[in-house]
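Just the one chain here, laid out as structure tokens, in the form predicted on its own.
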């Protein structure tokens, strides 16, 4: 790609919108995942008794197990949210930018 095409793309309002939307979504999802993960780590560090509490009377499964599963599943869900947005909105904006440059 020659420099003039690069300059046209970087000045395109649709490209700037694409970058802004992608950055905003990635930041929100990253912060959300960090809060979930570090929240779990803080529970492990400061409330191990709570995490070790059985779910029910006579149960061997503790509260920590579903919370840990929630941390793992939330990573997949947040990744799925980003991929869904990337495959729809971001791809559409990318195609519009490329059509403008041609």
Partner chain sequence: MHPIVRNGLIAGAVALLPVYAYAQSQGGAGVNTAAIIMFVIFVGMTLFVTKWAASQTKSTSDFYTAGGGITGFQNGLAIAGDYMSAASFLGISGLVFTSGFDGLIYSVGWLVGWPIVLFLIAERLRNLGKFTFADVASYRLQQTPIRILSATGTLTVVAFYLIAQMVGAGKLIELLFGVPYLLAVILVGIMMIIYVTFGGMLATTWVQIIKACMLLGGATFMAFMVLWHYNFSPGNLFNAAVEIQPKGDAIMRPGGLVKDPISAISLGIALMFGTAGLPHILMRFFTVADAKAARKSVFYATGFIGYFYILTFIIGFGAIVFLMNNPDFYTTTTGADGAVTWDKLTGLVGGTNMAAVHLADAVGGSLFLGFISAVAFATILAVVAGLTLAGASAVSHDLYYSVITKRQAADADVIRVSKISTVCLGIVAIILGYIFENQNVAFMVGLAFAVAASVNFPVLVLSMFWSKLTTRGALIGGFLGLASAVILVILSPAVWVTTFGNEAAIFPYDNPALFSVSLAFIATWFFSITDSSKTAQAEIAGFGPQYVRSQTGLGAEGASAH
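Quantities reported herein were computed from a predicted structural model and do not represent experimental measurements. Numbering follows the first chain given and starts at 1.
Here the subject shifts to the form predicted together with the partner chain, a form of this protein not shown in this document.
Novice: At 4.5 Å between heavy atoms, is residue 80 in contact with the partner chain in the model of the complex?
Specialist: Yes, contact at 4.5 Å.
Novice: Heavy atoms within 4.5 Å of the partner chain in the model of the complex is the criterion; list the residues of 29-48 that meet it.
Specialist: Read in sequence order, the residues that approach the partner chain (within 4.5 Å, in the model of the complex) are 29, 30, 33, 34, 37, 38, 40, 41, 42, 44, 45, 46, 48.
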